[in-house]
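Before any questions on how it binds or moves, here is one chain, the form predicted on its own, in structure tokens.
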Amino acid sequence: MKKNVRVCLAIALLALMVMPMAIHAEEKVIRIGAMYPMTGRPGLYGIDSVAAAEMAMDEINGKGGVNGYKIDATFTDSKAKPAYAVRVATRYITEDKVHFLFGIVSSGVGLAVTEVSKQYKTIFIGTDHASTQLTVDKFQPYYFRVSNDTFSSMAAGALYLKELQAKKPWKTIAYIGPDYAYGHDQWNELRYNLDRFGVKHKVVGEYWPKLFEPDYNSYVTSLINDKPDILVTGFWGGDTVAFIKQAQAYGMFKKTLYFQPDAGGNYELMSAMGAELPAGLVLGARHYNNWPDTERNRNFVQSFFKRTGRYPTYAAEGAYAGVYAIAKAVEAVGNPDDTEALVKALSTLKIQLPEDPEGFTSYIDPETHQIMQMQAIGVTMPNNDFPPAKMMLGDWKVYKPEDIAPPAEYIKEKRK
């Protein structure tokens, strides 16, 4: 009996000695709390984002991780609902002890989650939502965005329209976009930049359907009656697909130039519409499968295809970029626990991404924590390289980040 007691005591003592080592080993993890919509019209964005984030984690962890740390992420369906996302973000921080909040597709959700990030001083890496309010009006030091914002897209759009006006004069413009921050930001920023670049125009209509509106027919008929030379839309995801399908039935694209510089050129549109997608639409997005034609981008697109059996929507590249941004910041700091040091590292981050053309490297602007990237706008034309799409973008116009970033006086005014 005494021998058994001694053995049990020895085992217990050994367990106590090993336990701190086990706990320490478990702590060698970079914990990410991610949220994306997984169902409905925006669901594909979330599904692609998760796949691309996991692809990046596998690449990094497969090479030994970051300074001995493995990257691990928990993914939750945001349901595209701000109040629900706030509860999830709070749980991630207070219970799961994540080092980073991550993801988000809807700007409305992003604006809610950034307040949680600020309250708990937890870094939030935004990978897909685009409202400029997050980096200008509502700027807070723990938020960073690794995909382009609406201001850059709309500034590029204004320059495109200026160049077009010099070649093929146009006078009137109309707008339709979702009735929340993202939609309003685009329209306000486009008009600001049209005035900034001296582009004369007359607004003949503006319309504000709800996000995920099922029926756009009444809006389409009103827009046709407005007879704009340029129709600018601020939709994203399935809303873009639904609007274009409904507008096409009315012959709208024979009467006006369709222009969607922020989220129109997503592969989701090309794959959903196939040969039915009209030629000549002018679209922009945050990542393209066929631009830039670089080894880095080709490898990303083909690796994603090999992993999932389909080509990526632009949301995928944002999630992929976000994981690599975290890895690079932790590598610079040495650990994921020093939040303030990580903020400094992210504020001066330079990182080569699949959407960077040769000779350019994406970088974070320390004033806004917004990633600065080249912006490309293209025109729909026949292309069978990425089935089931039958149309892709081409005839590219590319704009430098320093030409399309918010000017200092704009930022100062918005932050008053």
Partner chain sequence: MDASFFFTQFVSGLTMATLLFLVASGLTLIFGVGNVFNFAHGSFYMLGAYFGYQFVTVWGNNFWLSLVLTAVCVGLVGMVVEAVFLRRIYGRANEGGFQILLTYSFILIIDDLVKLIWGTEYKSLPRPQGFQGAFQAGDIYFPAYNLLIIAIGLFVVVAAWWILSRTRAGRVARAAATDREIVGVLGVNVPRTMTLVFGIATALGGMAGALAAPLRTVTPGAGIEVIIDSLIVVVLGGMGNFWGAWFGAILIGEVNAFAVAFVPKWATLFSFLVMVIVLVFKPEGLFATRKIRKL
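Note that the structure is a prediction, hence the values are computed from the model and not measured. Note that the rigid core is defined as the largest set of C-alphas that superpose within 1.5 Å between two forms. Residue numbers count along the first chain shown, from 1.
A second form of this protein, the form predicted together with the partner chain, is not displayed here; the remarks below concern that form.
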item: Partner proximity in the model of the complex: E295 to the partner chain, non-hydrogen atom cutoff 4.5 Å; value: no
item: A83: touches the partner chain in the model of the complex, heavy atom cutoff 4.5 angstroms; value: no
item: Close approach of P214 to the partner chain in the model of the complex, 4.5 Å, heavy atom; value: yes
item: Contact flag, G237 vs the partner chain in the model of the complex, heavy atom cut 4.5 Å; value: yes
item: Partner-facing stretch of 107-115, 316-324, 339-347, 267-275, counted where any non-hydrogen atom is within 4.5 angstroms of the partner chain in the model of the complex; value: 267-275
item: L194, V301, A242, L281 - the one with a heavy atom within 4.5 Å of the partner chain in the model of the complex; value: A242
item: In the model of the complex, the one of R307, K255, K97, K121 near the partner chain [non-hydrogen atom within 4.5 angstroms]; value: K255
item: Interface residues of 181-217 toward the partner chain, as seen in the model of the complex [heavy atoms, 4.5 Å]; value: E206, Y207, W208, P209, K210, F212, P214, D215, N217
item: Did A83 shift 2 Å or more between this form and the one not shown, C-alpha, core superposed; value: no
item: Cα displacement of A275 between this form and the one not shown reaching 2 Å, rigid core superposed; value: no
item: Threshold 2 Å Cα movement between this form and the one not shown at F197, rigid core reference; value: no
